[in-house]
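Coming up, as structure tokens: structure 1 and structure 2, two forms of one and the same protein chain.
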Structure 1
Amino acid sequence: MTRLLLPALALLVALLFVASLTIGYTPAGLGESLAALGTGDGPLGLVMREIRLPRALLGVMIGLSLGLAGAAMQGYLRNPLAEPGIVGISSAAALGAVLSIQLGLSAAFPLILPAAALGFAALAVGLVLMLAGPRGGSITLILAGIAVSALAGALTSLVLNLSPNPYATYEIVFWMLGSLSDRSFTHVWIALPFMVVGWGLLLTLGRGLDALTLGEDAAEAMGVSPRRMRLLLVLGTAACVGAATAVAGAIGFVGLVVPHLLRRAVGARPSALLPASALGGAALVLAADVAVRLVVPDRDLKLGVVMALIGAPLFLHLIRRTRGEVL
């Protein structure tokens, strides 16, 4: 079961990737659109290569990043409620991105956009880990998350309201809910390097996270340094979530839902959960992005709306289940 899980998830991602490529405003058959992707020089080729392909790629990259970050944070804090969106890391990253855009920095140097998002995300992860303590009690974790997201959200709104650009105010919604519409390869290229670094850092945590399930002392006895892990976690999560948020806004709940669904299938081993959760995240984001285009094709429905519809009930369920622990 566990051995088949990763190939099965990879197949699911591949299928959803093709679905994402072939669904859009322009009706075109599966074969026709895939042929245009390779060789079409007409407008359909342009649509496939410059609009659909980057959108689908970003869906995969962002899903991988958010799923992986969620699984890593939950493994480290040993708390199923730890998730970049809920604890305010995405909101903080959005603040960094918005600041760099409104100050005109990202127009001068495009890589400043994800870098600023990363910086603010790292601050938020650091703050949340500090407030939640090594064991990550649910109440402190959630309260820290509420505080960080409220502050970051308010500052984001403030910056956008003060912008000389009259359109900026309307984009508060985008930064809070996230969307993949009309993204281009520019966004793929500025996000990818940060994400690759983030994936690399987080995937090295597997063994340490397994050791941590035995308790902090046991882990240290096994030669795992929680302090080093914490640093890798902060940097990796910030790189993943920062880059994802910089190009697509704050997409919540991915890192909450996916590890929860897959935990039993991997036998609750954090090291196995990391790659599974990354692939699961990619599948979920792609599926949600296909759904927003199928359900209301003419409205730019935000990805965050769909994610929250899936994620919020699960979140409530998890809170109910952990009530015994926190009260």
Structure 2
Amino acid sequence: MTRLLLPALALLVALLFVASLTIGYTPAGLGESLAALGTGDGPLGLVMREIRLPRALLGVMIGLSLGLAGAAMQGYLRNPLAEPGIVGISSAAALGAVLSIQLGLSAAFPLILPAAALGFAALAVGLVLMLAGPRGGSITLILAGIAVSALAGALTSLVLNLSPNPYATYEIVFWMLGSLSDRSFTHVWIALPFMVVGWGLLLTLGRGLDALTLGEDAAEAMGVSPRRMRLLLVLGTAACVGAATAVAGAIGFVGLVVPHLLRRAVGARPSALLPASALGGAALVLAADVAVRLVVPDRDLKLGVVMALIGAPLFLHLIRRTRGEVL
């Protein structure tokens, strides 16, 4: 079943990618839309190449990043309730974006917003690693991440509370809901280099995560360095989640939901769960973004809202199930 899972997920991602390209406000058939993507010079060709294609690509990239980071985080912490935001990267990236909007920098220079988000994500990485210390374990990493996340969240709330400009506050709130609409290839090229680095770092953790299932002492006896793994995990998660938050806002629950859904299908092996969760995350984000355009096509329903409506009930179920296992 595991050998069939990855091709099946890849096929699902391909089908949803095509659906994302062909579903939108401009009425056009499947063949006409795909033809316009390659050679069309009219309005439909412009819509396909400049609006729908970058939106679909970002859906795949962000889903891959969040799903992969979630599987790696759960594997390292050996906790199915862990998710990428636990280390505070997404909250810090959101704070950087909020400050750029509030100060008016993003209005003058549109690229300042993702740049500020990425910069604050990098600061969060340094702070988490400093607080966790060189010898800190998984619990220390969690506590450091919670502290950074709480601080970034408090500062974001402070900015909103003291904002004298209602229009900036309105823009901040809607940006924080998360969305792929109105994105261009500029956002794709900003996020892609960081995400590629993050994918490379996280995918190298497979063997070590498998060894960690036996405990840290056993993993060290097998030649795996937990300290090196923690560094690669934090850096890879920061690159993936920071870039995703920078270009699309806060999109939660992907890194929590997808690994949980696919864990049994891969026999609970963390190394097998990494690529499966990456593809599953891409499929989930694309499906949610297609649903955004189908459910209320005349309103700007935010992707982050849809993901929360999907993820929150499953999160509650996961808590209940985990409690039952403990009891």
Partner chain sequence: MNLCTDQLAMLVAAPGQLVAVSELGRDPHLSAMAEARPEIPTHGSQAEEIFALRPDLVIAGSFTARPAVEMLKRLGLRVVDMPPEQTLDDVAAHLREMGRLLGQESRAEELASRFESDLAALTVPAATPRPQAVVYGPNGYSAGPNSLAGQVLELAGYDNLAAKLGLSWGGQIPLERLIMAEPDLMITGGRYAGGSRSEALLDHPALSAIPRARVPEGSWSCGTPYILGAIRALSEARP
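Superpose the two forms; the largest set of C-alphas matching within 1.5 Å is the rigid core. Because the structure is a prediction, the values reported are computed rather than measured. Numbering for residues begins at 1 and runs along the sequence of structure 1.
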These are two forms of one chain. I'd like to know which is the form predicted together with the partner chain.
1
Is the shift of L212 between structures 1 and 2 large enough to count as movement, that is, does its C-alpha move by 2 Å or more after the core is superposed?
no
Following rigid core alignment, is the displacement of the A250 C-alpha between structures 1 and 2 equal to or greater than 2 angstroms?
no
Taking the rigid core as reference, does the Cα of G75 move 2 Å or more between structures 1 and 2?
no
Rigid core superposed, I'd like the Cα shift of A107 between structures 1 and 2 in Å.
8.2
Once both forms sit on the same core, give the Cα displacement of A147 between structures 1 and 2 in angstrom.
5.7
